[in-house]
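The chain below stands alone and is given in structure tokens; this is the form predicted alone.
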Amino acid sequence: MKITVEAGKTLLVDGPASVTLVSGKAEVFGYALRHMGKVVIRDGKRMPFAVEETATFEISIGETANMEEIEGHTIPPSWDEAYKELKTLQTKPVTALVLGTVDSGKTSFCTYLVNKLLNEERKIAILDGDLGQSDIGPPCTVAYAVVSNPVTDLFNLEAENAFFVGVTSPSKATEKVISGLALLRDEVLRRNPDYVVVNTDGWVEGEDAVNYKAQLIEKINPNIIFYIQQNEKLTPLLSMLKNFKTLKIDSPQTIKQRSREKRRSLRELGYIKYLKNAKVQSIPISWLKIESDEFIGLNKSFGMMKRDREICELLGMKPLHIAELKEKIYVVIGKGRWIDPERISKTEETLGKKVVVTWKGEEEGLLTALYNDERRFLGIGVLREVDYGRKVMKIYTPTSSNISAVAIGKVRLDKNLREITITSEESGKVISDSLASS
């Protein structure tokens, strides 16, 4: 359909939709649209088309999409003030970090900053630290991109490099998120950008969240922090940032709040994007360094024959796989097999270690990351099977070469790349880990 919007108004479009500017002048997040250039809006996303000169749009909308015209512009004046403040900083590169709660407008503001800085012909890098709603890298990663052209959606950028955390909430892996972002920050700085914009996740409430964010900020050491304050939720954190330059910015009044289900569906679009053209690769375990692997203990094969025989005799069976670690013994048995709980207790008492029993097939669907021998991120995959007989891992991934390391995450996907709850069986007892998302 075609729609004409008068100058001075804003057309708000909720995806899934596509919008093409046919005539007139309009901009999205500081990016002046070109005539006949199509803007695609994902399901769960909202874009404001600020009309500067009466404009005609060609619009295609999905079933759940929506659009409306409002008077004036939706970009808060404080965003332009923040951009001007950023330009006054004389250091190079300038690192700007953005804080805010979930759905406060952090990503929209980062997009706006990037586009405005590109108008100055500056070299811009953006570091995406929101692993639960990652735009630049795959879900469950932190990632960065060097931006050379204006963007309407950071999701359209290609990641230069990423660091796999393996969960959707930073609360489950704070140290890993901080170390990953610091590692990527150092790599970004070696690219000699003029500006580095750091987006962060929306976990800011509670003592744990405040301590995590404070540690993250100390590590990143930004030149300026822009914060979107809503209902004083950031006040405890801001009180710990006295040594940093901070500037408050406003959240757009038209910001769209997303449900947990909608945030999950946005992640699932990320899985689909980064698993395009994937196929099952069979990789010998002996070729791989396996990280984050306590779930099945693959880094440890059967050890000394005498010790293994002792464990088997105590358990009353020969498992498919035994991995004896410092404090635990991981045991993998076939589907439908069973170990007498009394034998498990006796084994633990005799050896002084916790026995963790898992069943073959529980590894199916776990999100994984693939790295080369230089620890360069190659992409993601989905663990389909561990073949203990052939000693290979079967991973559904578009990556097929130079794989030397695999990191196993704690998110499970079904065959349609939808997130499901991960379960494991420990000492014969089923435990569930409901994956929280930021």
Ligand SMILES: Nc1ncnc2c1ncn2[C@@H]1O[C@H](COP(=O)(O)OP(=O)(O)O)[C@@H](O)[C@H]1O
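Just count from 1 along the sequence shown to find any residue number. A quick note: this is a predicted structure, and the numbers were derived from the prediction, not measured.
Just so it is clear, the following notes concern the form predicted together with the named molecule, a form of the same protein that is not shown.
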| query | finding |
| --- | --- |
| Interface membership of W79, the named molecule in the predicted bound form, 4.5 Å heavy atom rule | yes |
| 4.5 Å heavy atom contact, G137 to the named molecule in the predicted bound form | no |
| G44, heavy atom within 4.5 angstroms of the named molecule in the predicted bound form | yes |
| Proximity of E324 to the named molecule in the predicted bound form, heavy atoms at 4.5 Å | no |
| 4.5 Å heavy atom contact with the named molecule in the predicted bound form for all of T168, T174 and N211 | no |
| Contact residue in the predicted bound form, from S345, T254, S282, Q215 (heavy atom within 4.5 Å of the named molecule) | T254 |
| Listed residue that, although the named molecule is not shown, lies within 4.5 Å of it in the predicted bound form (heavy atoms), from T101, T358, N115, T95 | T101 |
| Option from 346 to 354, 271 to 279, 254 to 262, 138 to 146 whose residues, in the predicted bound form, bring a heavy atom within 4.5 Å of the named molecule | 254 to 262 |
| Stretch 15 to 30: residues contacting the named molecule in the predicted bound form, 4.5 Å heavy atom cut-off | F29 |
